[in-house]
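Given next, in structure tokens, is a single chain: the form predicted on its own.
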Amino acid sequence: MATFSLSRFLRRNPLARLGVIILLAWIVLSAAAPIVSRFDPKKQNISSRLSAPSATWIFGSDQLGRDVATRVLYGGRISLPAGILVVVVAGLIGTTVGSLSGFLGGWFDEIVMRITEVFLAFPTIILSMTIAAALGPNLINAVIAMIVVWWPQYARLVRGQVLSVKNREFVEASYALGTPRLRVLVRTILPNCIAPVIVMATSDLGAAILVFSGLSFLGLGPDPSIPEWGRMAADGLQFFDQWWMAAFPGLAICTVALGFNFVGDGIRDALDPRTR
């Protein structure tokens, strides 16, 4: 099997390279927001409210006189970790449930698949909105709602991969050597099923940030005083003539989603032997 080389992967995938640059830029700028910006993201300055972009206010100011550029940078500290947390936790839950479902089969498989079909029958954003509204609008509940909605797609993917692998010759050989069933699943079957999960997770990161921003846009995310891209875009719609209030948070969401999609497509091509 060909080994995966990061340097070769980046050289052969210019879009993936661009995606990595975009994501690294956002991660560094968000982490260094207190150093990069001299403004407090929550401090109000009514005398400078709704200022257009200028040398002082690079991205302009909002309805309370807060610097939009600063709030966009700090917003990355909320949106990026939230999207990553949703995909990681949902991926772990879905991988665990899906692998057990495909491996054990029988009544357990039937129950799990019916549950996943119920979740997958609803649009992701609609079901996330319903759960977030029932739990109450805040940051933690929005993340929980997304995790509840997100894990079934990983369960279904991993189940299919396990079903295609568990009867292969090398798995039968592990049984013949007396290896315990659980060890066969963890050490032999799952490593041969994980590549599609990695590709899906990388591509899902952009979608998770979009859905999280959508929940915030609808008032089901963090408190309005907390800088978050979706909430900032919603505030901008109330002041449509001040285009910068919604444009720059929207641009941040767009670039991050594109970055993750570029990297996800590159990883898919790198792990697919037909394109490699």
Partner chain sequence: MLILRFLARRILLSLPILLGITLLAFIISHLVPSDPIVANLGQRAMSDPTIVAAFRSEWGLDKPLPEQYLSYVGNLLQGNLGKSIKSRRPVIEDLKAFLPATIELALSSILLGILVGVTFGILSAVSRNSWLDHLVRIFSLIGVSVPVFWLALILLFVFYSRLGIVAGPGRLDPSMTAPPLVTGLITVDAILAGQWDVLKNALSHLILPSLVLGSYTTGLIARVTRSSMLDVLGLDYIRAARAKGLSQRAVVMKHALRNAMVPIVTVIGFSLANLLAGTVLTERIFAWQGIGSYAFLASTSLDFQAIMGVSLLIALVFIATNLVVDLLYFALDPRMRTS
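All of these numbers come straight from a predicted model, not from anything done at the bench. Residue numbers count along the first chain shown, from 1.
Another form, the form predicted together with its partner chain, is not on view; read the next lines as being about it.
Q: Assess the spot marked by Pro41, Ile78 and Met146: is its partner chain within 4.5 Å of a heavy atom from every one of these residues in the predicted bound form?
A: Heavy-atom distance to its partner chain in the predicted bound form: none of the three under 4.5 Å.
Q: Applying a 4.5 Å heavy atom distance criterion, does Ile126 contact its partner chain in the predicted bound form?
A: Judged by the heavy-atom cut-off of 4.5 Å, Ile126 is in contact with its partner chain in the predicted bound form.
Q: Thr130: heavy atom within 4.5 Å of its partner chain in the predicted bound form?
A: Thr130: contacts its partner chain in the predicted bound form.
Q: Against its partner chain in the predicted bound form, would Arg268 count as a contact residue? Criterion: heavy atoms within 4.5 Å.
A: Contact check for Arg268: yes, within 4.5 Å of its partner chain in the predicted bound form.
Q: Can you check whether Ile84 is within 4.5 Å of its partner chain in the predicted bound form, heavy atom basis?
A: No, Ile84 stays farther than 4.5 Å from its partner chain in the predicted bound form.
Q: Name the single residue among Ala69, Ile226, Ala33, Ala246 that comes within 4.5 Å of its partner chain in the predicted bound form, judging by heavy atoms.
A: It is Ala246 that has a heavy atom within 4.5 Å of the partner.
Q: So which of Leu182, Leu104, Leu135, Ala173 gets a non-hydrogen atom within 4.5 Å of its partner chain in the predicted bound form?
A: Among Leu182, Leu104, Leu135, Ala173, a heavy atom within 4.5 Å of its partner chain in the predicted bound form occurs only for Leu135.
Q: Note that its partner chain is not shown here; using its position in the predicted bound form, name the residues of 71-86 with a heavy atom within 4.5 Å of it, in sequence order.
A: Contacting residues: none.
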